[in-house]
Structure formats: C-alpha cells, structure tokens
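One chain is shown next in structure tokens, namely the form predicted alone.
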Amino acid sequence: MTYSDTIGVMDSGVGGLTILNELVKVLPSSKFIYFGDTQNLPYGCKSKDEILFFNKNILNFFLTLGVKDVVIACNTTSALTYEDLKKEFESKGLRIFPLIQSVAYDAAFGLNDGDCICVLSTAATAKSGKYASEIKKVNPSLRVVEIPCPGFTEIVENRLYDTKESHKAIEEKMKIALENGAKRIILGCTHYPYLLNLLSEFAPREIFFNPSKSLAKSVSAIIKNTDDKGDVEFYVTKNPEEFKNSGKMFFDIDKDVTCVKMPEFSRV
C-alpha cells in the first residue's frame, strides 16, 4: 500500500467503524488505515490532557507512514482536541477532517427557529458544549440540549443490548430528550448508531441523526475517487482479536489486525 494517498481514520475502539463504513461507500476506490486506540478506550470519561496525548501519538504514527489525510471518527476527540491537533499537525502536512465541525450544518438543516435538538453523547463531549456551539453557528435560534450518556459505549463494546440495565439506561436518557421536545436527536458518539433499535423504541427512527453519513459526504466532497482498488488496513493498541471479533458486527474485517505499542500517558 502506498500510504501517501491513504486516508487515516482514528477512534478509540470499534465505534469509528460506523464512519469507515460510510467512507468506503462514498470512496470505494480509496485506501484507508483504521486506527482504534483500544488500550485507552473509552475516551469519553478521560481528561482533555489524556485524550490529546493519545491523539498526538496516533497522528504521529500516521505521519511515520506518510499519511496525508486523517478523519477523526470520534466525537470526543473532535469536541476536545481538534483545534489543538489542527494547530500542530496541519503545519506538518496533515489535513484533518473533524466530526462535529463537519456535520453541524446537516444536523441543523430543515429545522425551524426555536426547535430543539438533543445530543446523546459521552460525558466529555456533552461537557464541552461543542455540538451546541457549532450548531448555533448555523442557526443561533435553535435550542440544543446535550445529554451525557455514560455506559452507552460499553453497551456496544460488550454487546449488552438485551440486559435490563441497558434498557433502563437508554429509557432514562430518551425521557430527557422527549421532555425537551426534541425535533432531532443526534447520535453524538460513533458507537450509538448500533443502539438505534433500542433508541427507536421511544421515538420515531426518522428523528435520529447519524453524523457518520454527513461526515462521509463532507470528506468525499474534497477527496475524490481514483481508479485504484480500495483497501483497508487495521491497527489497534490492544487486543487485536477482540477488536476483530467485535468489529465484524459493524464492518467486514477480512484480514489480520495489527497491534502497535504506543507511549503511555504519565499521571505524574
């Protein structure tokens, strides 16, 4: 694989495969490297300093391979560290596509002034207020309620779809969204589209917004298809076989997953 024409896709685990799946649909002849930071997942409960440290390691890894374009397939990373990463790495030749900032227009499209958008997300993304700030750049008259959903990522990663605890957690968060009169509910973590069957027990499927499709559209507007044969390589920082087994639910991983050792965050 010639990495200079390869698109890097980065996430903390299998959730970003949602975005990879959409990217492959719109750019079928492109080459991709998917990097899942499985050693440090989930990002949603970690500090900005930790996430920034992990993100810099991943981008430096992409640089060593000669990758020029990187898609951030993680809402928490887009919310907390994108501006820092852009400032440091675009001067090194990386073009970075952030998730939240790229989909805000589509997320707000078609709604009326005063309508409410609810965002289901990790605690870190919700605390950042990034969805609200980006959406209000598009339409300041919209009301945005960001709802932290601790545990949702673990439901997906561990496939706990049928437990009473999972159903109760989802019902509690959907109650908040419905009480706020949500006209649109953003699945503000790349894991959450895998919860859509459970979420849609409480609201019509059509009001849920999946940012993955919108991000893929945004990327494909800039990066064009070539005549090459598409390909994907997979890298993780821990448990490659577990990643492969879990990831197969969401993407057809038909090759080995490479495990790479990355520096550990120092808490001193």
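Numbering starts at 1 and runs along the sequence shown. Note that the coordinates shown come from a computational prediction; the quantities given were computed from them, not determined experimentally.
Below, we refer to the form predicted in complex with a small molecule, which is not included among the displayed structures.
Novice: Which one, L215, I58, V67, L41, lies within 4.5 Å of the small molecule in the predicted bound form by heavy atoms?
Specialist: Here the answer is residue option L41.
Novice: Is T153 close enough to the small molecule in the predicted bound form to count, meaning some heavy atom within 4.5 Å?
Specialist: T153 belongs to the contact set for the small molecule.
Novice: With a 4.5 Å heavy atom cut-off, would you call T81 a contact of the small molecule in the predicted bound form?
Specialist: Close contact is absent here: in the predicted bound form, T81 is far from the small molecule, nothing within 4.5 Å, heavy atoms only.
Novice: C189: heavy atom within 4.5 Å of the small molecule in the predicted bound form?
Specialist: Contact with the small molecule, yes.
Novice: Taking the partner as it appears in the predicted bound form, which of 67-75, 178-186, 134-142, 108-116 has residues with heavy atoms within 4.5 Å of the small molecule?
Specialist: Looking at the other structure, the answer is 67-75.
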